[in-house]
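Below you'll find only one chain, the form predicted alone, shown as structure tokens.
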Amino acid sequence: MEKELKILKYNDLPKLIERFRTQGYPVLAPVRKNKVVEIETVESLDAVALDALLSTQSAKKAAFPKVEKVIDYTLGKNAVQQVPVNPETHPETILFGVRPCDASGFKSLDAIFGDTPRDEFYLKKKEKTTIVSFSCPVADSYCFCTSVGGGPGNTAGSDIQFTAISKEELLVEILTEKGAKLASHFTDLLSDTKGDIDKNKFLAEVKVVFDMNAVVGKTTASFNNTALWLEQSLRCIGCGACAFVCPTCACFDFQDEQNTKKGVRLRLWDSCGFSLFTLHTSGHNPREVQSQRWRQRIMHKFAYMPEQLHVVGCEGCGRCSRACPVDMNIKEHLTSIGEIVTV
């Protein structure tokens, strides 16, 4: 559909959550909990941390939860009775107040889980999720969204996007059919724009720090550059924090929890940075040292995904660098890859 522009008064913003809840929509939004900002269910706008630069963890949990049940089973004398969870039962949900990098991050997850074989658990949740993002008025030194094709006002992945254009007003961009359906619940609060609005004037400035095409090409060519991966990974302790906060990481594991009579099969987030991730039953590990695991992380995002799925697996949000306990900075690593001199 063609994008529609409207104006919403800031004072009317609390009414949106009230109306969404009245219509029966669960609303997930950034919530401040001590020193972190999590994505949680909210009952009112008062709980939403709209002033946060970013949530600590990404919004991917709306469609790809940290832990989700996929099968219930009962242990019988002669057979195991399995009851798969029906992904169709997921309710229509609103993801509210997230940043453009979170909304855009779903395009990578769509490509991964939409590839053959299709992952209906993710796809059904995503299909029933309407994403309302807020553009970024500020950024910090970890942000590099513009270097990977995004930006503080990037609308990719959003159904509706709000931009603060004054202390009293928000620019409302209705971007998709899902967004239009949701906006129908508060059309009485919207007014027409008066003249052209230069949205960019109200956005954070995030400078381009590397050429993404050069990084993709040089990452592909650097697979056997052992010295590069060793140097970049020397501080890595394999904790997996980077993957767990990333809006595009999609590695997962299955685990069973059971007693003598019944059990459940769970899908849980995992990370290619863990030493056990590729450990074979034989004891052999094809990625036996951390430099190989770091290489896999970068290659997957900037070589394999662009080649196989035609998306870059990074939104430039900088969460991984903020979360890293040993101060590894992916923006610096990618910049150094882009500066590699090839012969």
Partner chain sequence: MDQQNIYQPYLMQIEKITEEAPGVKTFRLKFTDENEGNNFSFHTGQFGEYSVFGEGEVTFCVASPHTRKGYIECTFREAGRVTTELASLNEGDTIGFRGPYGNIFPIEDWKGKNLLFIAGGIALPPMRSVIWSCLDQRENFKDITILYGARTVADLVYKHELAEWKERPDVNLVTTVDPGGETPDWKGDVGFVPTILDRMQPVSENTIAIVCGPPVMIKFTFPVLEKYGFTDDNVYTTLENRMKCGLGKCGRCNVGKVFVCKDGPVFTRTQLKQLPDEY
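Positions refer to the first chain, counted from 1. Not measured: the values here are computed from a predicted model.
What comes next is about the form predicted in complex with the partner chain, which does not appear here.
**Q** The partner chain isn't shown here, but in the model of the complex, which of 254-262, 185-193, 199-207, 170-178 has heavy atoms within 4.5 Å of it?
**A** Heavy atoms within 4.5 Å of the partner chain in the model of the complex occur in 254-262.
**Q** Tell me whether 71, 279 and 296, taken together, all sit within 4.5 Å of the partner chain in the model of the complex, counting heavy atoms only.
**A** Per the other structure, all of 71, 279 and 296 touch the partner chain.
**Q** Verify the contact flag for residue 138: yes if a non-hydrogen atom of it lies within 4.5 Å of a non-hydrogen atom of the partner chain in the model of the complex, no if not.
**A** No, residue 138 sits far enough from the partner chain in the model of the complex that none of its heavy atoms falls within 4.5 Å.
**Q** Evaluate residue 213 for contact with the partner chain in the model of the complex, applying a 4.5 angstroms cut-off between non-hydrogen atoms, and reply yes or no.
**A** Result no; residue 213 lies far from the partner chain in the model of the complex.
**Q** Report whether the minimum heavy atom distance between residue 310 and the partner chain in the model of the complex is within 4.5 Å.
**A** Output for residue 310 is no: heavy atoms all beyond 4.5 Å of the partner chain.
**Q** Wondering, does residue 90 line up within 4.5 Å of the partner chain in the model of the complex on heavy atoms?
**A** Judged by the heavy-atom cut-off of 4.5 Å, residue 90 is well away from the partner chain in the model of the complex.
**Q** Does anything in 101-128 come within 4.5 Å of the partner chain in the model of the complex by heavy atoms, and if so which residues, in order?
**A** Contacting residues: 112, 113, 115, 116, 117, 118, 119, 120, 121, 124.
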